[in-house]
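Take a look at this single chain, the form predicted on its own, given in structure tokens.
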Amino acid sequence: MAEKIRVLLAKPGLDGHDRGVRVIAAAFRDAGFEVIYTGLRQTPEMIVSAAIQEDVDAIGVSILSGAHMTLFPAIRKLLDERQADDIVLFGGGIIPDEDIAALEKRGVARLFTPGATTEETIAFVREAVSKRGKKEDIM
């Protein structure tokens, strides 16, 4: 049996709306992923520390607060500083197109906006993790 892809899902900052990330967590679990949900009001430091401790393949971040241009780069920087740059960073939320382009240039692998399907997100993570070569036999 293939080793499960491990995904950490997080809600950084003061945003208290977690319905979407809980839907994503359930969808990833149903698709055979191992999911770690860190809960609300996480700092970038808490997210990166948990990701490294849990040896995850990807981090998914949900941001609806408008702080995406601060939080995503902070997480990416910490991953790079801690030699964890092989962890795929992706996310979703209310993010303007021009900010999506800027964040992807800064190392966020993919950003999903309202209307994206869970299937689309799952397929992206499977492909991104397999391209990184972290799992020898992706499910």
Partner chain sequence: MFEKRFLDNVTDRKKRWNRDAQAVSTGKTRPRFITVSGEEIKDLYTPNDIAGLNYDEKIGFPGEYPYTRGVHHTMYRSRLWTMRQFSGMGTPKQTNERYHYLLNNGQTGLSVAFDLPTLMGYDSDHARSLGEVGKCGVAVDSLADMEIIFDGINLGNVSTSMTINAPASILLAMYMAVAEKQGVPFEKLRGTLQNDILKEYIAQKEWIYPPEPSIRLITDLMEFCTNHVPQWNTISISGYHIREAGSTAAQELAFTLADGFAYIEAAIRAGQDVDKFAPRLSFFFNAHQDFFEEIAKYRAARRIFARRMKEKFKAKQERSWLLRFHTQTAGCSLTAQQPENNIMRTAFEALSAVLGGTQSLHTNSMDETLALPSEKAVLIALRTQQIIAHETGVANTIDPLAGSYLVEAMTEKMEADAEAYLQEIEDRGGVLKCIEDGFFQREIANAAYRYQKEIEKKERIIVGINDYVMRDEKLEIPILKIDEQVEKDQCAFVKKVREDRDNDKVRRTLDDLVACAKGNGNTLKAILDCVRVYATEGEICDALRPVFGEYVEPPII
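Residue numbers count along the first chain shown, from 1. On a predicted model such as this, the values are computed, not experimentally measured, just so you know.
There is another form of the same protein, the form predicted in complex with its partner chain; it is not shown, and what comes next is about it.
| message | How about V23 - does it come within 4.5 Å of its partner chain in the model of the complex, if we only consider non-hydrogen atoms? | response | Because a heavy atom of V23 falls inside 4.5 Å of its partner chain in the model of the complex, the answer is yes.
| request: Indicate whether E119 is a 4.5 Å heavy atom neighbour of its partner chain in the model of the complex. | output: Yes, E119 sits close enough to its partner chain in the model of the complex that at least one of its heavy atoms falls within 4.5 Å.
| task | Report whether the minimum heavy atom distance between P114 and its partner chain in the model of the complex is within 4.5 Å. | result | It does: once its partner chain is placed as it appears in the model of the complex, P114 has a heavy atom within 4.5 Å of it.
| field | Distance check, I94 to its partner chain in the model of the complex, heavy atom within 4.5 Å | value | Result yes; I94 sits at the interface with its partner chain in the model of the complex.
| Contact residue in the model of the complex, from E104, D30, E81, D86 (heavy atom within 4.5 Å of its partner chain) | Selected option: D30.
| Since the partner is left out here, which residues of 28 to 50 would have a heavy atom within 4.5 Å of its partner chain in the model of the complex? | R29, D30, L40, R41, T43 sit within 4.5 Å of the partner.
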